[in-house]
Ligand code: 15L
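To begin, one chain is listed below as C-alpha cells, in the form predicted on its own.
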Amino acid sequence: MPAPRTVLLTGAAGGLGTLMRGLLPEYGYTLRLLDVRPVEGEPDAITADLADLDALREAVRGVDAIIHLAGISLEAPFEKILKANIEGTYHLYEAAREKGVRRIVFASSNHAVGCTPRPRDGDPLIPVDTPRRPDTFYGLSKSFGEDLAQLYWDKHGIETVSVRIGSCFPEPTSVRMLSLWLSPADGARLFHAALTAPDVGHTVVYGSSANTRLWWDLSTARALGYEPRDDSEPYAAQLIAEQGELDPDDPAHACLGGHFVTDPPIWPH
C-alpha cells in the first residue's frame, strides 16, 4: 500500500516515542503527536489522556494511520494497567473506528509471552504463534491489545500490526538484551514496514534487530518487508565481561521476560 502521509503517534513523550519522533519523518511521514504529558519542543502536540474520548476523536480525525505507543510500560497495580493500557487502547480503537482510520501499529511487548522459556543452544527460535504467557499485568494488557486488534479486524476491518517489541534503546544494556535488542534505526524500519505492507489483516510480529543471539523468529516481520540491518553482537564482549553469562538455573534468566518474571520494575507514576 502507499505510505500513509499523516500518522498519529501516541506516547510521543516516552522513550520509544522520542526516538521515533526523530526517525520516522525521514520516511516521509507527518507526525501528529499525542501524550498525557507535554512533548518537549513540540508546542503543537496534543496533551490528553486516553480516557478523554473527545480528545481522541479529534486526534485521529484525518490521519492515515496510528502508531500506538502510549500507556504504562512497566508493571503497575492492575487498576492502573486497566485504565491506561486496556481501557485506553479500547478507546483508541473506538475513535479509529468512528473516524475511519484503517491501519494501526500496536506496541505489544515480549512480556505478552514473557513466561515462555528462552531457547537454549540448539533449540528452535520462538515462533510468533507460541501460546501467550504474560509475565505481569503489563504483559497481560499487551495480550489484551493483540486480541482487541484481532477483534477490530474481524468485526470492523481495521488492520493492525502488533509488534512484540524487545528492547529499543540506542544500545543494549544487559546480556539478556543482546537477544532482544531493537536498534532505533531498525525500529523505524519495522514501523515503516508495518505502516506500508499490504493486506496485513491482524499480523503479530516480533520486534528486534538481526541479533546473532536472537531468541525469536522474525519471519512474520520480514514478510512485511522489514529488513533489519543491526546486530547487538558488537556489545556482547563488554556486557558479558561486566555481567557474566545468563544462568539457566536463575528463573530471571530462564524465561523470555527476564526479571519481569521474578521481580518486575514498577511504574513510577
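In this text, all values refer to a predicted model and were calculated from it rather than measured experimentally. Numbers for residues come from their place in the sequence shown, where the first is 1.
Another form exists, predicted together with this ligand; not displayed. Remarks below refer to it.
Location of this ligand contact in the model of the complex, chosen stretch of 150 to 158, 103 to 111, 194 to 202, 120 to 128 [non-hydrogen atom, 4.5 Å]: Among the candidates, contact is made by 103 to 111.
key: Position in contact with this ligand when the complex is considered in the model of the complex, options Ser183, Thr116, Ser73, Ser143, heavy atoms within 4.5 Å   = It is Ser73 that has a heavy atom within 4.5 Å of the partner.
| message | What I'd like checked is whether Tyr138, Gly166 and Arg176 together line this ligand in the model of the complex, meaning each has a non-hydrogen atom within 4.5 Å of it. | response | Yes, the whole candidate spot contacts this ligand.
Taking this ligand in the model of the complex, which residues of 234 to 260 have any heavy atom within 4.5 Å of it?
Just Phe260.
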